[in-house]
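Okay, so here's just one chain, in C-alpha cells, the form predicted alone.
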C-alpha cells in the first residue's frame, strides 16, 4: 500500500476530549474518528488492527470447538421480558419502538437471543455440547461514555455461549474457553492476568476477567508473588488471621476531643490504626441498616459485604440516617450497646484490647475485646492489600496491579435456560434445563488496551500481531530517482515475501515523515536515503526497542521477513 493512495490522516495535537493515551493516539494516528459521544468510525488504519484482532479470536474460538453465527442488533422486548432483564438491566439498555409500536432494544449482549435459538432447534442431549459465538456490534447507552474505544456506547464484541446437559459438561466448556482466552491474549503479544471476578449483572456462579496490565488501568487486581492466583480486588480472598493471645482489658472511656477520623484518633491516643476498629452503617437495597466493623487500617469491600448480607446493592448511610438508627454521631460510632445487626470482618478475630467509638461526641473506648459486644457474623469483608498472604499457596504474598478488562468468562448455570424454558431430553427421556456459559471479548477495547501498554512520548508501538502494517518503507527524497527506485525495489520484495508493508512515498520533509512513523508505530521501519545508498545500505529500525541496523538493499527484505516470522511464531 502506498501512503499517497491511502487514507491516514494524522494529527499533530491531542484532541481536547481525549483523556487517555489510547484515545489520544488512535485519534492522532488516524485510526478512528468521533461521530457522536461514545460512537466512532474505524478508519482504514484502525480497521486493519481490528480485523487482525478478530482473526486471532476466530482462529482460537474455532480451535476450541465454538461455531460462528451472527445475531441481530435489534432484539424484541418479549425475549428480554422472559428473562426478567427488561426491567432489571437499567438505562444502559437502549429501548425503542418500531412503526407498529412493537418494543425492541439494541442488544448490549445476546443471552436471550441465543437461548431462544437453542430452545427452538436443540431437543436432545445427543446434540450437546454446543458453543455458538459471534463478532458483532453492540450498543450500551453508557451514562458517561469516555476514553475512546475503552468505554464507548457502540462497540465491537466477540460473545460466545455454551450449552451443556449438566454442570460437569459446563465446567469442561468453561475450561476450554478459559484456555482459548489465554491463547488469544498471548497471541496478541500482551502482558495480562486472568483473575477471579464477580459475576455482576450477567449473573452466574463463577467468572474470570482477563486484564491487560497498564498503569492507566481502571481496575485494581491482585496477584500472588509465588503462584498463578490472581483476582479482581472485589473478589480477592483474604485469609483469616492466625490465633492471637488475648490481652485482657476493660472498656475505658477516654476523651478524644475533635478526633473523628481513624488517623486523628490513632495520633491522639498514640496507637497504630491497626489497633482501632471502625464502625460503618450501611443500608441494603431492602431498606435494612447493618453495622459493619473493620480494622482501622482496612477498607470495606462492598461487593463481599453484599454477598454476605444476601442483597444486590448496599450504600453507606448518610449522617442523618446514621443518627436516626443509632442515636450517635458519625465519627464516634462503636459496637458497644449497638442495637443494629453487627457483622465484622474476620480480621477482628485476631485482635484484642482495641479502640472503638463510644457513640458519644469526643469519646472513644480503649481496652475493648470481642466479648464486650455481640457480633452476629464474621466474614471476609475487606479489600485485599499488598503483602496479604496468598490463600492458595504457602509463602506467596499479594502484589497490586492496574488492569484494563478486555475479556470476561462466566459460568451462567441455568439462570437463562430456566427463565426461558430452554430444555433438552436426557438419556432417560426427562426434560433438563440447559447449563450455560457466556464468554465476551472487547475487540476494539483490546486494541486500545494494547496501545495503553505499548507507547512512548512519540507514539504507539503495537505488538506486531495487532499492528496495521508490519513494515514501513520510508523514502527520504522521492524526487531522487536512485533513492525512489531502491525503495520501490525493497517495497516490491517485501510484498513478494508476504510482508504487510506501507510505502511512504509522500513528498514531505524527512522530519514530518519520521514523526508520523513514530506516531503510527509500524513495528519495522526501513529508511532509504541517498547518504546510506552510496554504500549500498539502508537503515532498519525496530520501533519498540529502537534497535538500528544497517543492511544492504538486497538483504533487508529477507531480514524483515525473518523478524516478522519470529514475532508471529512467538504467538
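Positions refer to the first chain, counted from 1. Every value quoted in this text rests on a predicted model; they were computed, and no experiment measured them.
Not on display, but discussed next: the form predicted together with adenosine-5'-triphosphate.
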Among 439 to 447, 359 to 367, 291 to 299, 73 to 81, the stretch whose residues bring a heavy atom within 4.5 Å of adenosine-5'-triphosphate in the predicted complex is 439 to 447
Only hit among 494, 212, 464, 157 for heavy atom within 4.5 Å of adenosine-5'-triphosphate in the predicted complex is 157
The one residue among 415, 304, 110, 408 placing a heavy atom within 4.5 Å of adenosine-5'-triphosphate in the predicted complex is 408
- [ ] Flag residue 388 as yes or no: does it have a non-hydrogen atom within 4.5 angstroms of any non-hydrogen atom of adenosine-5'-triphosphate in the predicted complex?
- [x] no
- Query: Should residue 151 be classed as touching adenosine-5'-triphosphate in the predicted complex when contacts are defined as heavy atoms within 4.5 Å?
  - Reply: yes
Practice problem: Give a yes/no on whether residue 382 approaches adenosine-5'-triphosphate to within 4.5 Å in the predicted complex, heavy atoms considered. | Solution: no
### Message
Given that adenosine-5'-triphosphate is not shown alongside this chain, does residue 140 nevertheless sit within 4.5 Å of it in the predicted complex, heavy atom to heavy atom?
### Response
yes
